[in-house]
Ligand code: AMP
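Next up: a single chain in structure tokens, the form predicted alone.
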Amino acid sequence: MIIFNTVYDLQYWLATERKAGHTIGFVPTMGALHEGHLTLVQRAHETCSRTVASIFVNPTQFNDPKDLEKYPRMPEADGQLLKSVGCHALFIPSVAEVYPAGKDLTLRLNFGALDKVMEGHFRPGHFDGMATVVKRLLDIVQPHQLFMGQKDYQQLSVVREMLRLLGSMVELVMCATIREDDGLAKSSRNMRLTPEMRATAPIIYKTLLEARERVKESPNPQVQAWAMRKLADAGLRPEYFDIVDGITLRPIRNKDKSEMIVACVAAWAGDVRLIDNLVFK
């Protein structure tokens, strides 16, 4: 695996690989890697002959400076993990390399409701920063396919719409959420959970599973209210539990007319904010 720190060096290597007929799969990350990230790399191997991963803790998508400061950084360990699954290239740029001085790279697109509900409501500005950095990284790497995990479902939805609005030829590939044995979605933030909260956190997935059964007999608002109470009673501080259309992310008006239905949840486990989702239909 080759490690690159500059855009110039990475693009020179990529140009050589493309000239040799290789297709490029791209896995953007913020580091602190776990099995979920490695699965994305393995998926990329299935359809692309060269896989590039990036590690960049993007400051523009953190609306809380303390959250940015606490975000775990372990590039050496991450590099070894990526090497173990056959990643071909790792891009670890500086902030100045991604956002050169004097250049306004801010992406300004109208995402409709996609970036305003759920995470958009509780983390204003988050998706502006996320979309900007994903667009910037795609411009740098110019991959054939982009691999992202289902756990960040709203993020994935915004990126899908971004690609559509830009007329991009990059194919977005959604990869299933990887979970611990007790159901907790694997996340870089899990390592910050206290032992007590780590034991409590699996209630999030259990609530999603039970909600999937309850919506068959009860109205969505009633199920959402029940789920919020269940999470709070377990000791978490839920921000939302929304059952939405899987494409528009708007509330479901008619279950039969929505081709895809997803439940999305965010809850604080102590001072760690966790998100998860489950496709109901």
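What you are looking at is a predicted structure, and each value in this text was computed from that prediction instead of being measured. We number the residues from 1 along the sequence you see.
What follows is about the form predicted in complex with the named molecule, which we do not show.
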| query | finding |
| --- | --- |
| Interface stretch in the predicted bound form with the named molecule - options 29 to 37, 226 to 234, 208 to 216, 249 to 257, non-hydrogen atom within 4.5 Å | 29 to 37 |
| Of Ile203, Val98, Ile178, Ala89, the one that lies within 4.5 Å of the named molecule in the predicted bound form (heavy atoms) | Ile178 |
| Single option in Gly129, Gly79, Gly149, Gly120 placed near the named molecule in the predicted bound form, where near means a heavy atom within 4.5 Å | Gly149 |
| Every residue of Tyr71, Gln155 and Lys186 near the named molecule in the predicted bound form, heavy atom within 4.5 Å | yes |
